[in-house]
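Before any questions on binding or motion, here is one chain by itself as structure tokens, the form predicted on its own.
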């Protein structure tokens, strides 16, 4: 039988089984912390209680399964440090996702909206938004996501522009961190850390090496490393085991299909 011609529905079924079965077991693999993940952890950990931290949810719905663990560990760490979080989104799809996730984690820490965190929402034309915040954040976002004027929240009135922002974190599945580097870091000197999809690491490598970007914490593995730095094993650890098993299964399928195709042609 030529396995290279196997009905794709059978392949999908095999992958589904390989995904589901590992999730039934509480297996958390050992994780080695990389220097990149440690850099973004240290950048947030160095902030003092009450410092501002801007978190930009720069990803779309399709990548949410990979990006959620990363966003969660960043928010968990920030709330544990009692930082004042300013959330926003430069992708329209990430707007509601970011707000919902921020609200969920804030409730776990008994944080109060308008005192411990605010959510600015979405602005189109991300280059203009990034540049505009370098001059005045309140002019770019006169209202928050809930349609309330920012003047309503006195705890955030001191945040005028990047000069009052010790650190910004872009949680991204695409190339938006490059724009943060080009327009926020290069022009205004804003420190920018990155938590990104694993596939994007090589695209950002020159920016990390030059110091324009900090990090990255990358993919599910990066989130698992960050969990370890925070002292617990959570959802990212469990997903990492499932991801590893699936990758192994795909490699085996590719090898078996190629060998079977070669043998079939020889016959």
Partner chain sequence: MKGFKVISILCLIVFFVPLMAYSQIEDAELSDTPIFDISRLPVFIATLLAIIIFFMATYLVKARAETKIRKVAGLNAVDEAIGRATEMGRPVLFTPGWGGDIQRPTTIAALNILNLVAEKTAEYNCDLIFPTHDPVIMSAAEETIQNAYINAGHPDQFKPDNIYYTTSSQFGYAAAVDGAITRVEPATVMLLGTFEGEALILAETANSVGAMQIAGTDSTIQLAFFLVACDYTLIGEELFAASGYLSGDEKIVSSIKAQDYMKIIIIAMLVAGGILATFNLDFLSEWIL
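As the structure is a computational prediction, the values presented were derived from the model and not from experiment. Numbering follows the first chain given and starts at 1.
A second form of this protein, the form predicted in complex with the partner chain, is not displayed here; the remarks below concern that form.
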Would you point out which of 192-200, 151-159, 72-80, 108-116 contains residues with a non-hydrogen atom within 4.5 Å of the partner chain in the predicted complex? 192-200
Exercise: residue 179 in contact with the partner chain in the predicted complex, heavy atom 4.5 Å: yes
Is residue 266 part of the interface with the partner chain in the predicted complex - any heavy atom within 4.5 Å? no
Residue 174, heavy atom within 4.5 angstroms of the partner chain in the predicted complex: yes
Going by a heavy atom distance of 4.5 Å, is residue 60 a contact of the partner chain in the predicted complex? yes
Residues within 4.5 Å of the partner chain in the predicted complex, restricted to 93-115 and counted by heavy atom: 93
